[in-house]
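What follows is a pair of forms of the same protein chain, given separately as structure tokens and numbered structure 1 and structure 2.
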Structure 1
């Protein structure tokens, strides 16, 4: 346990230190503008001069004003503690004691991060189910059909070279034109991102048995179906779970991207979009961290299922 936590905490501390240092040049213009309005003498003296001046130079010329860099209300880069406070206020504070929170209404507030995370998670899970199912079916076909191997696999690879941010609006518009709205368009975008890792992992897993194992089954006169269920499929399970962890994270990214072009008002993507509209970068960062926590939780759940499954199969994980 100690060998795990110490490196993790060391990396987190290093990231936090770099983050705090980066806040100073990123927020220096807002800090100097506020200090100038309060009557302090800053360099350069005017906002026009500061607009064209270098951030690093202004930092060293105004060392006495740098303390405010970590408490700017609308910071370009909010400090880590500001993000933590925003997450607390927009989750526990809003969910429990907000105007529409649990204490007053008995339901989750539609302004809280838990509510928005739930909206995004529902699209993520549906997209993951579609993508993982499609990936397994394609992998089985690729392994057992030479034609599919030569025709489908190259297209699956090419499909991942297209930026999702470019095709997401087209998917939304096309589905909307035929009357498909709501969670399904976001789920399809999630499935688009999540099927590929499953295809690659399952193909690798289904082909992992060596020739000696396959020859042994042939000597027993086993059919292709028996070889699949008794050898190929059990051998692919570790590969499947590994690819599912990647697919789950990709599916969450797809759900968030799917919320951006629709102008949605619910979901973590909508939360980020609203933050960008109103210059609330701390809101964007808090939604980003909530997305990371959701992804970590889902990947952890898949890892737990993997350990239990492999233990029941008698495989050392």
Structure 2
């Protein structure tokens, strides 16, 4: 534990330090503009000259004004603590005590991050369930039918080289035109992304029992379905969990990407898009962090289920 804890903490601290330092040249133009308006003498003096000047040079020429770099309102690169404050404000601050928060109106505020994360997460989970379910069914078919293995598997691989985002807007438009909208189009994109890792992992898992074990079942005169339920399925469980972790992360990417091209107004992807339109960098960063937390949480949840399941099955993990 201590073997990894200290190095990881060091790396994270280093990233935070680099981030704070990077804020200075990234935000120098805004800082100087504000300082000039406040009456300070900055170098170069006019905005036109500053436009063409190098950021690093300006940093060293204006060392007196740099304190504001970490509190610029619409920063090109907001400082870490600004993101943390924004995250607190748009989660607990807004959801609990905001004008439309849970205390005043009884529902989650539609300006809060929990609300948007919930929208994205519901599409993610629905898509993951569809994708993982289809993946397992397809894997069972592939393992049991040689024709299916030889004809479907190559196309499943090719389908992964098609960037899903190319299909995302079209899926949403097509489903909209036949009257399906809301959560389902996003979930279908998530399902498409999450099904492939599950197929590959599950096929590998179902084929993991070796000849010795299969032969043993044959000497017991076990039927095909018995050897499936009692040998192949249990031995595929570790593979299934590993690929489910990958599939869950992919599924979240799918849900976020599914929100982008449609101009959706709800969900983490929509928050990023809106932040990009209105130059609200802090909003983009906080949505990004929220997505990261959701991803980490879901992957962690699957990992916890994996440990519990494997322990009950008696597998050393």
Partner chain sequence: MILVFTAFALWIAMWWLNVQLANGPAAHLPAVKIAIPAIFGLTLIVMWELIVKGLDVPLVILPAPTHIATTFEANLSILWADFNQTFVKGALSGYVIGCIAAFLTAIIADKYDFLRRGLLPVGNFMAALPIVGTAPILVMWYGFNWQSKAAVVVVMVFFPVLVNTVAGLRDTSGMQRDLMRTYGASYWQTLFKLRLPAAMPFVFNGLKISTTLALIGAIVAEFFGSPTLGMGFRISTSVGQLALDMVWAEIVVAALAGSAFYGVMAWIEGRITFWHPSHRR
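Rigid core: the largest C-alpha set superposing within 1.5 Å between the two forms. For clarity, every value in this text was computed on a predicted model and none was experimentally measured. Residue numbers count along the first chain shown, from 1.
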query	finding
Selected structure - the one that is the form predicted in complex with its partner chain	2
Core-aligned C-alpha movement of residue 181 between structure 1 and structure 2, 2 Å or more	no
Core-aligned C-alpha movement of residue 222 between structure 1 and structure 2 reaching 2 Å	no
Threshold 2 Å Cα movement between structure 1 and structure 2 for residue 203, core superposed	no
Core-fitted comparison between structure 1 and structure 2 - CA shift at residue 70, Å	3.1
Rigid-core-superposed Cα shift at residue 46 between structure 1 and structure 2, Å	5.0
